[in-house]
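Just one chain follows, in the form predicted alone, and it is written as structure tokens.
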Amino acid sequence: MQKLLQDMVETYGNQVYRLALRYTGNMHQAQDITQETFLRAYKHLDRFDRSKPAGPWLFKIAGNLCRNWLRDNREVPVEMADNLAQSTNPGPEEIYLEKEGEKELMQALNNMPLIYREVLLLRHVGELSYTEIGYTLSLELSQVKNRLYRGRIMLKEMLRKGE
């Protein structure tokens, strides 16, 4: 049982952390949510269907924890997270532009309705398939596709207005 959990942490730990970071905008809170996700997974390992991939199950736990955090912390701080962007020795101008772009993206995501933000984060940060997103959020495949489509349009418009 410990081996299974260890495999889950090694395989999905970074993705769960990145998802929590995008939800909260806070590195310390994302670490706490990641840790709590795997603690809850361990406590409820008997509920996990081993014939299915662990990712969607873990993202469901993490998503619930993130939604609870968002509900309790209405104003989400936009933190400049240096760890979000991975680059190879960019110059000062590239660093500035990258941070500004990240800030704008985080602000736009934080201003989106949660139903659209969730599917976008699960798809693009969690790298889940449409089916896995549906399982994670208890949605039909058509609902996942619709929310992704609308969320992308909404995000695009929000970012365009910020230009």
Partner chain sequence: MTDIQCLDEVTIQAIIDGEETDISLTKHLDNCPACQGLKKQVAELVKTSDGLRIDADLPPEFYENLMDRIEVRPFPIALLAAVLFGLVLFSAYFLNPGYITWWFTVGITHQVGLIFDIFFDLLVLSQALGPLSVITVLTALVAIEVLILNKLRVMEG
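Small disclaimer: the values here were computed from a predicted structure and weren't measured. Residue numbers count along the first chain shown, from 1.
This protein has a second form, the form predicted together with the partner chain, left out of what is shown; the following refers to that one.
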- Though only this chain appears here, would L105 touch the partner chain in the predicted complex if you measure heavy atom gaps against 4.5 Å? yes
Does the partner chain get within 4.5 angstroms of any non-hydrogen atom of L39 in the predicted complex?
yes
Report task. Could you confirm whether T136 comes within 4.5 Å of the partner chain in the predicted complex, counting heavy atoms only? Result -> no
So in the predicted complex, is the partner chain close enough to N146 to count as touching (4.5 Å, heavy atoms)?
yes
Of the residues spanning 2-40, the ones with some heavy atom within 4.5 Å of the partner chain in the predicted complex are Q2, L5, Q6, V9, G13, N14, Y17, R18, L21, R22, Q31, T34, Q35, E36, F38, L39
